[in-house]
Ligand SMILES: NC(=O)c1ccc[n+]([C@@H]2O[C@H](COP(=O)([O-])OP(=O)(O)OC[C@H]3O[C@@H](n4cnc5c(N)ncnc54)[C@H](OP(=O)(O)O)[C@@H]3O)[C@@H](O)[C@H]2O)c1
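Taking the form predicted alone, here's one chain by itself in structure tokens.
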């Protein structure tokens, strides 16, 4: 069955891998992000119907206009993947407030604004999947991730509430919590003054491939899961935090945040 899938942050990393996972001839892919050249490069490698819609998710007016363009052109969106995001590598005591605001604008409000703009068409069709790429840091705090973890915690609060409000509809909300995935998100993470970190963390280099992560996300969507944890042994930290909090704090306080 054909699907229209809209992916934000589609120019690289998990977003790119999700686009490739949905590369089936019956699908239509909508790729959004800020860097047009990255999106076009991804589109060139896709065989199905693919359309590039540049979008800065911190611009609410641009979101409203782009949603109108997408619906006018394609009639509907079946799956929305809120993947646009940025990370952080800085101590809370040293991080400027404007850095935190930028992280919240991208990671939290970007997903909220785009989802709200598309929600009327989901409700009108009484169908659809809203996928939110959170993080394991959406389930617990971690050194040098204060604002990042806060933005991901916020996603859980908002989208769990939304999912409960939609419980009598055929619209599903899936929260995805990846751990260490081999992407360059740490390279583009913000430091205390808003500059980019500029290097990929060693542990991330050894993380799960973006392609394997995307395949697991696609399966979770098909099974209409509500929440999924993706990664290797780092996923255990969720259960340590839940059942053995002392052990969680012992381990978390000793892991090198840039390791």
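No experiment lies behind these values; they were computed from the predicted model shown. Residue numbers count along the first chain shown, from 1.
In what follows, reference is made to the form predicted together with the named molecule, a form of this protein that is not presented.
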Exercise. Which of 185, 99, 130, 112 has a heavy atom within 4.5 Å of the named molecule in the model of the complex?
Worked result: 185
Exercise. Out of 157-165, 70-78, 130-138, 117-125, where are the residues with a heavy atom within 4.5 Å of the named molecule in the model of the complex?
Worked result: 130-138
Exercise. Taking 4.5 angstroms as the cut-off for heavy atoms, does residue 218 touch the named molecule in the model of the complex?
Worked result: no
For this session: Using a 4.5 Å heavy atom cut-off, state whether residue 232 contacts the named molecule in the model of the complex.
Result: no
For this session: Look up in the model of the complex whether residue 249 has a non-hydrogen atom within 4.5 angstroms of the named molecule, and give yes or no.
Result: no
For this session: Report whether the minimum heavy atom distance between residue 28 and the named molecule in the model of the complex is within 4.5 Å.
Result: no
Seminar exercise, completed: Of the residues spanning 1-16, the ones with some heavy atom within 4.5 Å of the named molecule in the model of the complex are 9, 10, 11, 12, 13, 14, 15
